[in-house]
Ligand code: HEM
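First comes one chain, alone, set out as structure tokens in the form predicted on its own.
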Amino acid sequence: MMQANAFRILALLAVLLCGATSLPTDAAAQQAGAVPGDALGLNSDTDLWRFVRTGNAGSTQMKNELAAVMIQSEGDNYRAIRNGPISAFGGIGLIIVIFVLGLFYMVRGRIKIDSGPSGATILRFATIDRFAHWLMAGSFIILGITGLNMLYGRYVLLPVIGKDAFAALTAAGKYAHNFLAFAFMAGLALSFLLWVRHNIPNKVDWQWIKMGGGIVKKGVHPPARKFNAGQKIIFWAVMIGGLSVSMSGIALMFPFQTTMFGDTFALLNGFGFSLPTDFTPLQEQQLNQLWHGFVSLVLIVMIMAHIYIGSVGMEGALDAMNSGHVDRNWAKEHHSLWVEEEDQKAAKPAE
């Protein structure tokens, strides 16, 4: 017991002696103008926190520079935008398009073939066309559903099916989303190669638009070639939006490997813009996430209208992508110029 107390007394004396020795040194240093913050290379606590909140990794022995970032303040902005405007306006957009399509169906009803089915058919899309369409469309539907689950699932599905089922469904959806993305890209590229020559805008398209595409009023049938103006709008929206969402998706699947936003903004700055280009790898990923979600929601809203017109909204339209053959009367009413071109080809003698 006495030995233990002796050790404690010696230890206390050692601390006091060390402190007494260091006190004059500290006092001399402060009299020379030094401040405690100099040990950190900073002048004050304000500078320290400003340094930390800018996401600056500073000098570190960590192999992964992102692991050295204590606070990533841009994450607050990213979360606010994702959970705020994108989620809110995306959800509102989905509700509005469902409401408008339902109202349109109640008022206009199903768009019938005014002259009635003829019983004769004409080949509208070959096998390769239908393959490209369903490869792109089928994968997009699954991508859309799984993406919406990532954005809204915890608010809509989780309370209904429970945590375990939601966790399993979301995990499976994540893998489906990642792998089927490549099927969508393949379908997108193939569809572009097959149909781009039919989707060049021309003066006939403006006439189609002025006449409401023939879907607003019964008995109105504006002329159109293989693709009308509405289909061309969908085509270019899907091609451009699909390419953009594919690029942001690749950046998300292979994180910190691309600088898409920095490079894009630098390119735009060459046209007179003044956009920031110096993004950290984490900021690039956050911008990719926001852009991916925004463009995907816009495409989903547009494709919902396209699906409606191509299925329950118009008699005979679904046959084009099912069997590839459509009723001749349907074709004459909606694509009269194309039917004339096909008839001329068929009447032309083989060389």
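Everything quoted here is computed from the prediction, not taken from an experiment. Throughout, we count residues from 1 along the sequence that is shown.
One more form of this protein should be noted, the form predicted together with protoporphyrin IX containing FE, which is absent from this view; the next part is about it.
Contact with protoporphyrin IX containing FE in the predicted bound form, judged by any heavy atom within 4.5 Å, is made by just one of F89, Y105, F182, W134: W134. This chain lacks the partner; the member of L94, I141, M253, A126 within 4.5 angstroms of protoporphyrin IX containing FE in the predicted bound form by a non-hydrogen atom is I141. With the partner left out here, protoporphyrin IX containing FE still marks one of 254 to 262, 147 to 155, 228 to 236, 214 to 222 in the predicted bound form; by a 4.5 Å heavy atom cut-off that stretch is 228 to 236.
Shown here without its partner, the chain carries A317, M321 and H335, all of which come within 4.5 Å of protoporphyrin IX containing FE in the predicted bound form through at least one heavy atom. Interface residue remark: V298 is not counted as part of the site for protoporphyrin IX containing FE in the predicted bound form, having no heavy atom within 4.5 Å. Of the heavy atoms in G313, none are within 4.5 Å of protoporphyrin IX containing FE in the predicted bound form. When protoporphyrin IX containing FE is considered in the predicted bound form, W195 lines it closely, a heavy atom lying within 4.5 Å.
Under a 4.5 angstroms non-hydrogen atom cutoff, protoporphyrin IX containing FE in the predicted bound form has H306 among its neighbouring residues. Taking a 4.5 Å heavy atom cutoff to protoporphyrin IX containing FE in the predicted bound form, none of the residues in 96 to 112 make contact.
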